[in-house]
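Presented as structure tokens, the chain that follows is alone, the form predicted alone.
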Amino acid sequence: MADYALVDLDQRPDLAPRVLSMFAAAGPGPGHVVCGIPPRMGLEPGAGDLAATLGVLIALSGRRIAGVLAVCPYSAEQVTLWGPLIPDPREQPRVLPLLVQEVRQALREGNYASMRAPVDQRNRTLRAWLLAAGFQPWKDFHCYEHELVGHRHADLGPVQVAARDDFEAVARVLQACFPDSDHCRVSLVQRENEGYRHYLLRDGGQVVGAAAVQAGGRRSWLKLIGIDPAARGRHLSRALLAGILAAEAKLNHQRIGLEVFADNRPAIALYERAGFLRAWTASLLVAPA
């Protein structure tokens, strides 16, 4: 029976190329291991993705990597798991508990309360592993994508890129639409330094719509989009989304992606009407730290 040693990637940076190749091989499909960094979901991972995690735990059997589990930031109280990735299913009964137990200990020491794991619904093996490890289903979400080439000559209409003088109004709309989001808990200046762009839509001189888009290489990521509750019912969300697509296309992004909960039918209808196509569906499993 194999013995396993647990190491952090920071301790063994020489293992990074092998870890990346393992994650790259587990792309969309029946064996998909969904990246825990939303704008990078479904894309081939790079060194920057590993650097953006809170840590990468590796189980070694001699020189062989028997398992990998990356921990990605989500909120002040919760993290998102990327994995676990265990190449040999026969080793799951020993490797999975080691990885999860070690991560749980680290999370408790860091005062995190819980962890979430996105699992592609086609990857039934990973789902079964996590359920056996004490995770519980929470919600399903869809990953959608839209090709932007056809929008490069489109007009932004009433949509504008938010200037710093607009940040207060943009934050007001986003907070009203997403009271549980931590996006506006820091300044939008800081968020833009982190790679976000913000858009707004005015109606009657007032900012009634806002969105946050995250940079992600050739594919950008629509994190938040919303219309002030007092201004809903006038199809303003369609105009806001159309302007965002035009603006992102003019920045030479090839695609834009997003995630939406499977039970959010109005949002799904908006995205599909605008030409977004579903790439896959995933389940969010959660567990206490």
Ligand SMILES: CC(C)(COP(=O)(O)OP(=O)(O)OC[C@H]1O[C@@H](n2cnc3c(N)ncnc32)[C@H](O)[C@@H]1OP(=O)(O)O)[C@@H](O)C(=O)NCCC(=O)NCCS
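As the structure is a computational prediction, the values presented were derived from the model and not from experiment. In this text, residue numbers run from 1 along the sequence as written.
Here the subject shifts to the form predicted together with the named molecule, a form of this protein not shown in this document.
Q: Answer yes if any heavy atom of residue 266 is within 4.5 Å of a heavy atom of the named molecule in the model of the complex; otherwise answer no.
A: Result yes; residue 266 sits at the interface with the named molecule in the model of the complex.
Q: Taking the named molecule as it sits in the model of the complex, is residue 32 near enough to touch it, meaning that at least one heavy atom pair lies within 4.5 angstroms?
A: No - in the model of the complex, heavy atoms of residue 32 and the named molecule never come within 4.5 Å of each other.
Q: Spell out, yes or no, whether the shortest heavy atom distance between residue 232 and the named molecule in the model of the complex is within 4.5 Å.
A: Although the named molecule is absent here, residue 232 would touch it in the model of the complex, with heavy atoms inside 4.5 Å.
Q: Check residue 64 for me: does it contact the named molecule in the model of the complex (non-hydrogen atoms, 4.5 angstroms)?
A: No, no contact at 4.5 Å.
Q: Does each of 156, 213 and 242 have at least one heavy atom within 4.5 Å of the named molecule in the model of the complex?
A: Not a single residue of the candidate spot has a heavy atom within 4.5 Å of the named molecule in the model of the complex.
Q: So which of 60, 54, 246, 236 gets a non-hydrogen atom within 4.5 Å of the named molecule in the model of the complex?
A: Exactly one listed residue reaches within 4.5 Å, namely 236.
Q: Sort through 66-74, 24-32, 252-260, 46-54 and report the only stretch with a non-hydrogen atom within 4.5 Å of the named molecule in the model of the complex.
A: Correct option: 252-260.
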